[in-house]
Structure formats: C-alpha cells, structure tokens
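Here we start with a single chain on its own, the form predicted on its own, put down as structure tokens.
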C-alpha cells in the first residue's frame, strides 16, 4: 500500500485526522484517582479517550481500535496490523494525518518500525501517557490534544511522538525515566519541536527516508528472524551467547560498554557466533551518544532495542535466514 500523498481534488486539502488505538497506559484504569502505578493498562477504547475531549468536538476526526494491549506485550502480529492500518488510512485523500495511541514501554520501537517501513509523506503521530486515564492528574488528554495539533500541522510528515508538550522524531526517541510525565528524550539531536497552546514550534526537519515498504512485514510472525540483545558488563560470560546460538538465534545485538567495548569473555563468544553464521551488531549501552571510530557499524547511533528491530527488518527485507 502506498504511504505517500494521494492525489486530492483541485483546491481541496486533506482535513481528517484518524486516531488508531492500541491500548497502553493512556487507556489504563486504576481503582483510585490517586493511583498512578497500580493501574491496568489498555482498559478504555479509543472512542472513550476522544469522548473525554470536548475540545475536539466538531473536528473531522475518526477512530479505529487496532489493538488493546499493554505495550510491554507488543508483538509482530500487532505491528503488522498497525502498519497496514496506518498505510490504509494515509492512502485516503481526505486524511491529513494519523495519530496512534500507544503505551510508553515500547513506544520507541513501534515508532522506529513505522518510520522504517512507511517513511510516510504525511504525519504519523504516536501519543502515550505515563498516568492512567483515571488519574486525577492524567497526562493523556493533553498529550492527545497536542498529537492532533501536530498531525494537523501543514507540511508535517514522518513518524513522531508527542508527550509532555515535546515532539520527538522516531530515530531519536528514547524513554529515559520510568515515572515522570516527561519520560522521553531525543538525545544529542534534540527535540523536533514543542507544542504550545495547540501550535507546533518546530526546531528541525521532519523525519524522512526511503520506506522499506509494507511487503517487508508479510511473513507470518512465527517466521520472523529471531534476534536477541545481550549486554556487556563487568564479569560478563559468554554462556548466554552460546546457549542462544545452540537454540537457533539468527541475530544478536550487543549493548556494549562505552564506545563499543565488550568484555573479553563475551567478545570471544560473539566472534564464535559470527563464525557460525549469526549476525552480530554492536551499539552502546549508554543512554546518549553514538559509537565513534572502529566500532562504528549499522547500529552505531541506535538504542539496543531499536537496533534489534532494525536487524530484524534487515533480515526480513533480504529474505535471508530466519
């Protein structure tokens, strides 16, 4: 399916925003309005989230529930449904942009998948919350309002995420705090922009790139390549790597210390894994920055979980093993 700009009638502009719900804390509920941690995610449908926002009444907005899950349980089948739903909506001439409600735990992975697969010419705005919908100080409603504002911004494109008034591009999006409402950061690259009273103030260019295409996700989830993450640390051992190789893993991402260094015991196991045909990529376990120098490779500027997804997509695109 195309993810670019479909043709429109002369003199008309796309005006519809489509909200795709997938669950998460933004749709969560707790027994008490003061409970911001003991909630159950993915309890309220996306139509209920919209109904709680009278500011959106009268706007051209549609809603579709694609999934209803806690994003810690995100899986390949849900990614397939979501990517296809986004592409289907973007192919409609009247759609100006798509907003996806999502959990925060795997938000950066879903954002990267959608950007790499679709690289959309219209905005796809992921929105989440750190507090459930039942919280006395819920952050979801404002985040959703801000996400719609970004999706309506003229010239917007690519996959971004909006939380706490901050707009992050998919490539740099990182969750850096387990509790604060401003739990995300864009590292060295900085924010794409901020939303102020419903208006985006943009600091840098929208995400761009060549899409891999929806076809890369066509294989049944059970047939996706198996890629795991291992971490280098003091007193590391290679046993886990050897066990993964014996179990049939197709790729490994090593979250290396510092500028890509790996403990000698783990390094020996990883080299043996490569020799046996397992693809090994290296990134840093540091929260910010990118690998520099001889250790720089395909995952140099990625987080370990983003790199794991990128290696998975790479193998899917090549149709090679796994």
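Numbering follows the first chain given and starts at 1. The structure presented is a predicted model; accordingly, all values stated were derived computationally and were not measured.
Another form exists, predicted together with ligand SIN; not displayed. Remarks below refer to it.
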- Message: Between ligand SIN and 104, 129 and 175, in the predicted bound form, does every residue show a non-hydrogen atom at 4.5 Å or closer?
- Response: yes
- Message: Based on heavy atom distances of 4.5 Å or less, which listed stretch (272-280, 259-267, 43-51, 64-72) is in contact with ligand SIN in the predicted bound form?
- Response: 64-72
- Query: Does any residue in 18-47 get within 4.5 Å of ligand SIN in the predicted bound form, counting heavy atoms only, and if so which ones?
  - Reply: 24, 25, 39, 41
